[in-house]
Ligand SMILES: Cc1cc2nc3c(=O)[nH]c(=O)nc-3n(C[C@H](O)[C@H](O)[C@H](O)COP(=O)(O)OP(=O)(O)OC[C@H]3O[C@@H](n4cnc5c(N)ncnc54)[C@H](O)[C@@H]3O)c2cc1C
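Single chain ahead, by itself, as structure tokens, in the form predicted alone.
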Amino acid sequence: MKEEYDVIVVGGGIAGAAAAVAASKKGAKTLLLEKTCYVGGLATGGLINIFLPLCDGNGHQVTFGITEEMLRRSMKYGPGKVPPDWKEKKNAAEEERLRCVFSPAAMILALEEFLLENKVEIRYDTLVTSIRKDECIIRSVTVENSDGRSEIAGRAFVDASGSAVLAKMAGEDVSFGKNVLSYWALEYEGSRQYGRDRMVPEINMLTGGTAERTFCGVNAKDVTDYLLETRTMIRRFYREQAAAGTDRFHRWPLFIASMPQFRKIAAMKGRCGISDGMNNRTFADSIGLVSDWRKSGPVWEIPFGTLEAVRTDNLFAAGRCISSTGDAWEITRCIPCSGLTGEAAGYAAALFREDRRESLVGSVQHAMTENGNILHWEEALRR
């Protein structure tokens, strides 16, 4: 007998987790499909464990809702702290804003708990291999795992895969980004003080890479090469440390990434897109706000159209898959926008009805504001 769900979310990163929670909160029977054996995506398995700012650097919080709840939960089972005086800062540096560094393992525990509390069904170690689509509606996905191959039906779908997997299968156009070779790892480094990228004094983020090596439109070979090359760089680093006299009992790797740290793989080309210079612009269909993590000031409204597929009525993108290019993609690929767009996509999928497509954006905006989100940047700056 074929399984059936109201909402199926593909990808269990920050965006997928937010989408699944949002859909379930609206009463949808929700299934989250994740190809690895943990939630959190790049934030956890990729060890990119900075929850970037939810404020504009000038004392105004701009991102709320499920994203803010995830920020608070990221510190539940591990160290991490929000600067207590972030509201008083002007032109604040990133580490002085409403953000935190978290333990990836603690985040996995907290996110998984968040999903289970909201009655989301999680299916780990499960890969989506194909879809069944009737004209402009996806009817089901085919998955493979240790149980074999099976078909799962859904009423609406969220692509939170990070690589636009569902969008490509559905025949949607996608754009590809450039990724440079880089690594993040967690290491023990004794006799150090607490700093911006330290959970506790002795645990440090180890980062490195080279901008000369790039990947675009990645495939399986790229994934393998990326992992092998970055791990070679980490081994070289520790050999150099040993040659310089560092005792391996005082500095050593705690954990290396279990997935390639590609930031921008593929993004669906939606009903509308955002690109360079579109910050501090008002959109009638905005679903919420995010800041620029690199500098204080700019605030971006995210239009609902960036989440909407063109040829597939019941498909919504979230996180790194939404319709953005260029410098805007540097904003939308990060945790705050992943949480925000995941929440909106989850509501959209839960509220979707084939015969009421045109009224969906208003319903999603209502759900977002009902959960504390602000839709327009000028309102956030007045607070």
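Since this is a predicted model, take the numbers as computed values, not measurements. So that there is no doubt, residue numbering starts at 1 and follows the sequence shown.
The discussion below concerns the form predicted in complex with this ligand, not included here.
- Taken together, the three residues 78, 107 and 257 lack any non-hydrogen atom within 4.5 angstroms of this ligand in the predicted complex.
- Note on the partner interface in the predicted complex: the residue among 29, 35, 26, 60 having a heavy atom within 4.5 angstroms of this ligand is 35.
- Although the partner is absent here, residue 160 is a contact residue: one of its heavy atoms lies within 4.5 angstroms of this ligand in the predicted complex.
- Taking the partner from the other structure, this ligand in the predicted complex has no heavy atom within 4.5 Å of any heavy atom of residue 137.
- Although the partner is absent from this view, residue 186 stays clear of this ligand in the predicted complex, with no non-hydrogen atom inside 4.5 angstroms.
- For residue 263, a non-hydrogen atom is located within 4.5 Å of this ligand in the predicted complex, even though that partner is not displayed.
- You can rule out all but one of 249-257, 120-128, 301-309, 70-78: in the predicted complex, only 120-128 has residues with a heavy atom within 4.5 Å of this ligand.
- Contacts between 48-64 and this ligand, taken as any heavy atom within 4.5 Å in the predicted complex, involve 48, 50, 52.
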